[in-house]
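Consider the single chain below, provided in structure tokens and representing the form predicted alone.
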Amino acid sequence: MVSVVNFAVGKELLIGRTMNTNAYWIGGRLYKMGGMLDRILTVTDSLEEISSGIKELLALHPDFIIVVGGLGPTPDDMTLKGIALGLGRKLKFNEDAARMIKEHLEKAGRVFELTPQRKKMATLPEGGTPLTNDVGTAPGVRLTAGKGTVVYCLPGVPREMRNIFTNFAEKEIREKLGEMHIAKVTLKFSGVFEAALAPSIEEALKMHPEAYIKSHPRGLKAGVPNLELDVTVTSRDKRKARSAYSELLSFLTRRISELGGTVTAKREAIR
């Protein structure tokens, strides 16, 4: 399995000022690809925290680290400096990154001048490759570290992060994952309490440990419990994915009925 971790940088994420919708989006994107986020680490805008954070994540030897936030022109944008510090690398002005910034500003009808702030955004850790940002100023960065871990540094602005992730990181992760087949369903049902269904979920996971099965209570309506149940099977083998999925769906639907529940909706996706 391909290992992907998210390294989020920004005090605003830790003080309740901003929700980490970027991690939410990346996690969902990976899951649709047949992968998932193994870990999310969030730190404040501090060279020490960023430096120690990248070391901590590299010690896990993931295939990819997706760093988000702190690539802009303001003093608190210190992600690249912190990454360089953690990797023991120097920061170097990158002509290609400066060109990308220049092209973006000129396309927006603005006059380009290499101010200290723009020079900062074009100064990357040694070995870093700048990545085109189609919707913002700061380029993304790709580099390798540790034992072959690929590190992507992306802006924190959601539109910019999504643009660079989709154009670069996602393509490389998909290639590493290979062709994955996913069969999933969300069952909506009523009349069964979550605790009553728990033993059946445990039994289902013993049948297919590779599956993801998660119940979500949706409260009581007129005293009747309502739940949703997510069941997902991911495999490189299309036949195995569909076979396991069919067996689990049949088993869990039967158990819900035996417990006195009624399935009110079924949303399936198989590919």
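The structure displayed is predicted, hence computed values, not measured ones. Throughout, we count residues from 1 along the sequence that is shown.
What follows is about the form predicted in complex with a further copy of the same chain, which we do not show.
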Check for me whether a further copy of the same chain, as it appears in the predicted bound form, comes within 4.5 angstroms of all of T42, T74 and D230 - heavy atoms only. yes
Testing 173 to 181, 143 to 151, 93 to 101, 195 to 203 against a further copy of the same chain in the predicted bound form with a 4.5 Å heavy atom criterion leaves exactly one stretch, namely 195 to 203
Indicate whether a further copy of the same chain has at least one heavy atom within 4.5 Å of a heavy atom of Q117 in the predicted bound form. yes
Using the partner position in the predicted bound form, report whether E12 sits within 4.5 Å of a further copy of the same chain, counting heavy atoms only. yes
Hey, in the predicted bound form, does E49 get a heavy atom within 4.5 angstroms of a further copy of the same chain? yes
Evaluate L37 for contact with a further copy of the same chain in the predicted bound form, applying a 4.5 angstroms cut-off between non-hydrogen atoms, and reply yes or no. yes
Interface check vs a further copy of the same chain in the predicted bound form: of K221, K214, R239, H61, the one with a heavy atom inside 4.5 Å is K214
Residues from 18 to 39 in contact with a further copy of the same chain (non-hydrogen atom within 4.5 Å) in the predicted bound form: T18, M19, N20, T21, Y24, G27, G28, Y31, M36, L37, D38, R39
